[in-house]
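There is one chain below, alone, in structure tokens, taken in the form predicted alone.
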Amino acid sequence: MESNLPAFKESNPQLEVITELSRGQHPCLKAFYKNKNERVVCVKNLASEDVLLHATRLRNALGRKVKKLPTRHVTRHPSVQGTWTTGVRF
């Protein structure tokens, strides 16, 4: 990570990248967003490429809270007749 993290910091000048050593704890990435939300990703036992992948995913995220969808079937154009189930008889 000594080579990947400074390169990530230079390629993203809009981000504030801070490194700190916490003894006795697993390494983690924390992202603080403008809408006051925070995300934490544990990067224990990951390769430096995987840590860089998680850092770019945190950068690309909007910072919204994760919401559960109300139904399994989500579509832009819902059926007028209703969803198909196994109990439908013709």
Partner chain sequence: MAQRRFSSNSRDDSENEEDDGEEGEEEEEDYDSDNNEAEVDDVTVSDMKREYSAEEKEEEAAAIGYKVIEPLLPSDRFFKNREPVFAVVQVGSHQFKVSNGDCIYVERLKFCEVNDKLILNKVLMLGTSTQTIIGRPILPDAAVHAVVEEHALDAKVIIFKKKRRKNYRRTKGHRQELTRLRIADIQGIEKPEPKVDPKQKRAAVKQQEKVAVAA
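Positions refer to the first chain, counted from 1. Computed from a predicted structure; not experimentally measured.
The same protein also exists as the form predicted in complex with the partner chain; that form is not shown, yet it is the one meant from here on.
Within 4.5 Å of the partner chain in the model of the complex, a heavy atom is found for not a single one of I18, L21 and K30. Put simply, S3 is close to the partner chain in the model of the complex: some heavy atom of it is within 4.5 Å. Though the partner is left out of this view, P13 does not reach within 4.5 Å of the partner chain in the model of the complex, counting heavy atoms only. The partner chain in the model of the complex comes within 4.5 Å of no heavy atom belonging to V41. At a distance threshold of 4.5 angstroms between non-hydrogen atoms, R64 is in contact with the partner chain in the model of the complex.
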